[in-house]
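Listed next as structure tokens is one chain, alone, in the form predicted on its own.
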């Protein structure tokens, strides 16, 4: 079976749960930005953990299916249509050979996920099918989909039994124009003045047009660093330090303006101070924000972050159990 791309949308890439454990090689994880919506899509169509699907950003593609299939659409509200007729999201749907899936204009959120029973079948790179477009590796030829592409789909077992299953409304997230993101403060928050650290946590930040899979840049305040003599090798910018590793979600503030949250396709280390890290659970919410949306950062403890992660896992387990 194949999926033919008639129109690619703004940015449609093959993504899975990412390539974990290769930071030592300088390789970021890539993978689905909204890991919650991605995972639920796979539950709906009966795929195993880590099956590849399509991440659709802002503006959806137009796709033709060459054989019968079972699909699900989760994440942002980009209303989907099958042969021009609106169809539901967060539900397993039957597709017939020759059906065309298209999308209306974005209403809420930023990224939608197309899951197909059997998973999108492209070659693995370092154990993952995720696209890392920055250097052209993984996914479909290392790039976003383009008009005329044909994407393979793997075999599925008894996928028709999933048709009609849907996620209970209580589990479906909503995406407004304001987001609250929890942050663990550190490693180099000491580089900011106490007043600037308070400002970072009190300002309502605005997502700038520089918001993609590499990172999100924000505007809204100006932060000041503690004056010091720069150590050897740290550079002249007051935000510079001797090199740090950058976990996904880490926050840097070059020049003290426009904080940047580094995301799935970002470099794994560099010489800017990281003043905090967005907790793993809230990165799915961050991925559903877009240019001009508002964001507040809220400081939490490691214990609170771990509790949020546990609750998220329990929520996903509840969804999986409810879908049988």
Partner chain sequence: MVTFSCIRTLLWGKWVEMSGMDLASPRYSYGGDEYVFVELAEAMSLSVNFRAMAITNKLKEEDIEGITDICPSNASYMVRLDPDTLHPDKLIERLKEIDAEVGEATGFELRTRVVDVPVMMEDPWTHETLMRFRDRHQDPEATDLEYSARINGHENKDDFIAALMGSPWMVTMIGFVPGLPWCYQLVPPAEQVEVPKYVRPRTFTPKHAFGFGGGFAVVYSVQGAGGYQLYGIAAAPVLDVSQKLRDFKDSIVFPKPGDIFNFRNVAQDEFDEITAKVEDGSFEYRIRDFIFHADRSLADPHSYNDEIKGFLYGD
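Residue numbers count along the first chain shown, from 1. All values reported here derive from a predicted model rather than from experimental measurement.
Although not depicted, the form predicted in complex with the partner chain is the subject of the following passage.
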Exercise. Looking at 148, 98, 209, 186, which is the one with a non-hydrogen atom within 4.5 Å of the partner chain in the predicted bound form?
Worked result: 186
For this session: Counting non-hydrogen atoms within 4.5 angstroms of the partner chain in the predicted bound form, say which of 107, 228, 170, 177 makes the cut.
Result: 228
Seminar exercise, completed: Counting only non-hydrogen atoms, the one stretch of 191-199, 158-166, 74-82, 90-98 within 4.5 angstroms of the partner chain in the predicted bound form is 191-199
Exercise. Within a 4.5 Å heavy atom cut-off, is residue 57 in contact with the partner chain in the predicted bound form?
Worked result: no
Problem set entry | in the predicted bound form, residue 244 touching the partner chain (heavy atom, 4.5 Å) | yes
For this session: Indicate whether residue 103 is a 4.5 Å heavy atom neighbour of the partner chain in the predicted bound form.
Result: no
Problem set entry | 4.5 Å heavy atom contact, residue 132 and the partner chain in the predicted bound form | yes
Exercise. Mind listing which residues of 286-317 have a heavy atom within 4.5 Å of the partner chain in the predicted bound form?
Worked result: 302, 303, 305, 306, 309, 313
